[in-house]
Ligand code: DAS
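Take a look at this single chain in structure tokens; it is the form predicted alone.
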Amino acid sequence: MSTRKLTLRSFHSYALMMFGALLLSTSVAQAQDQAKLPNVVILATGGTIAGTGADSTTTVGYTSATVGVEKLIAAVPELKKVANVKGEQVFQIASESMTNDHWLKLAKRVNALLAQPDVDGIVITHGTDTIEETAYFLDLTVKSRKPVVVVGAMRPSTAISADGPINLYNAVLLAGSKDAIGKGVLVSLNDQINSAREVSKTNTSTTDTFKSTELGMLGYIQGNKAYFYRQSTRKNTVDTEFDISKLDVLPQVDIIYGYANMTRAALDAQVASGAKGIIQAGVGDGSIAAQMKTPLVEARKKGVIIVRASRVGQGIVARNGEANDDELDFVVADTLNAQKARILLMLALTKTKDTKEIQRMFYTY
């Protein structure tokens, strides 16, 4: 064999060896990069973020909850740059159909995942209609300081400028951020970070609908980073007294809405159906109409817990303000809106029926 052939063979062997070493080195480097990323689990529940419309201009009248979690993840390949992501389809519904049973199942799954050392954060995709309620329920029942972020979209996945992909990307980024640890359950849409306790949907269709109007949002997401400027002072997650691990059902709590010329019909029906608590979303400062005082007192005498909230949506409901709560043995909702007051009362009733204790909880959470 000629020296020239030996030299070419040696060169080919060397080139193959170097190429293999390069591939190995690249593979090791990629594995090291992936190992440095946080591990985030996306729990999908349906909603507009998983919805589809008839065409790209359909932003109302679309069908919610049609896209599965794997397709949601695949639609945002950039996720792999900020986290190691896994997905689970917990359920697939429009959020107006969310029930207590869904909440219990979701909270138990979140707690089980966060107890795993290889899970750093959770993202929950959700319909926007009841995001604030699910988020607040989790804020009171999740038993971990690891980040939990609830996210949705105002436009279906098929729409021009659909907001779901960027909202999902930001939510995963936030769930993997060390700055989000211990902040309670967060709601993130429209590049903004809000507290589960304080945020509400304020517009039927615009992408900037979620606001903590008076108390203010917690921060922004910009340039692939979460910026926090404040934190809620109310206790949440691991600091709450609520344990749903062995609960299969929540007490029935209903809401009556205050309005001029209201009647007792709705209240009587709710009490008759077995309500253990009633949230009165009264006018103004939770005011009670003259014709409603007697039926509310009657309900209280039957053991039903009465909480005065306000339909206004902002501000403190003053104890012994528009009603003598001490005399009537009523509770006030503090700054919680009626739908969140309902959640806290349900959980409170799993612990006690003492109105003084329940009032303490409303001033604590």
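Owing to the predicted nature of the structure, the values given are computational and were not obtained by experimental measurement. Start at 1 and count along the sequence shown; that's the residue number.
Same protein, other form: the form predicted in complex with the named molecule, not shown, and the subject of what follows.
Proximity of Gly121 to the named molecule in the predicted complex falls outside the 4.5 Å heavy atom cutoff.
The named molecule in the predicted complex is approached by Thr48, whose closest heavy atom lies within 4.5 angstroms of it. Contact annotation for Asn194: none of its heavy atoms lies within 4.5 Å of the named molecule in the predicted complex. Proximity of Ala94 to the named molecule in the predicted complex falls within the 4.5 Å heavy atom cutoff. This chain is displayed without the named molecule, yet in the predicted complex the stretch 62 to 70 from 326 to 334, 299 to 307, 62 to 70, 312 to 320 comes within 4.5 Å of it by heavy atoms. Proximity to the named molecule in the predicted complex, defined as a heavy atom within 4.5 Å, singles out one entry of His102, Arg234, Lys146, Lys201, which is Lys201. In summary, among the residues Asn170, Thr141, Thr128, Thr134, the only one with a non-hydrogen atom within 4.5 Å of the named molecule in the predicted complex is Thr128.
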